[in-house]
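We begin with a single chain expressed as structure tokens, specifically the form predicted alone.
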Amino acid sequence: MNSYDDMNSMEQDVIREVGSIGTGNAASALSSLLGTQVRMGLPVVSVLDYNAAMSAIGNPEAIVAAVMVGMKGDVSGIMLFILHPDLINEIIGILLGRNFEDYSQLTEMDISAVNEVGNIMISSYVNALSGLAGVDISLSVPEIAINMLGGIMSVPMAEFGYQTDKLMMIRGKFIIRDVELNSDLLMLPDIDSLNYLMKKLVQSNE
């Protein structure tokens, strides 16, 4: 494959399987962290260009938090988890008993809690990917940023824009205390890693 567009229906199906397993792992891990039941709806996996992905997530000028982790080993690339204010409020409300109206009100402890949730989400999907494909993937220390969505999305564009204008997006919904909250995870292996992954994943499903 020369780009994400070259993925066939079988290859997209196995990525959906990764999404489903990762979602289940994430729900279990978040339930343990938050001490309350967390369910997640069936994820929708799409291959989108950067602008389409940004439009799906929200207003480019909206302020969001994002946790980014680098992948190395058998697979190189980045994972980016986007957190909207309603999700952040639910998390810190459960863990720390308070809410915020403006990002400037977030304390160091609040940001650490949000970063940990992002790390759990990303690790859940990477563990699912490693298990299904039989590959070794090491993750960098998670980094959190609070910025306009357009500024956040400029990171993967700068990192991989020379290779492809597409990315894989896994969209789902948290259901925490009967409240539905959007979950947006962007998965960007480089093209060499994408080819390697697809070969391993398809073989494991034959």
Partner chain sequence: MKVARREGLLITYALGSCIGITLYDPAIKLGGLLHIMLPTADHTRVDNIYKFADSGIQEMLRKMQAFGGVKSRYICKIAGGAKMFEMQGNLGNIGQRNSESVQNVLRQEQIRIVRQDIGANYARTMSLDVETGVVKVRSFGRPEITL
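Positions refer to the first chain, counted from 1. All values derive from a computational prediction rather than experimental measurement.
The same protein has a further form, the form predicted together with its partner chain, not shown here; the description that follows concerns it.
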Contact stretch among 25-33, 40-48, 57-65, 168-176 - heavy atom within 4.5 Å of its partner chain in the predicted bound form: 57-65
At 4.5 angstroms, heavy atoms only, are V69, L80 and E143 all close to its partner chain in the predicted bound form? yes
In the predicted bound form, does I152 have a heavy atom within 4.5 Å of its partner chain? yes
Does its partner chain get within 4.5 angstroms of any non-hydrogen atom of M148 in the predicted bound form? yes
Is the gap between M157 and its partner chain in the predicted bound form 4.5 Å or less for some heavy atom pair? yes
In the predicted bound form: members of 88-110 within 4.5 Å of its partner chain, any heavy atom: Y103
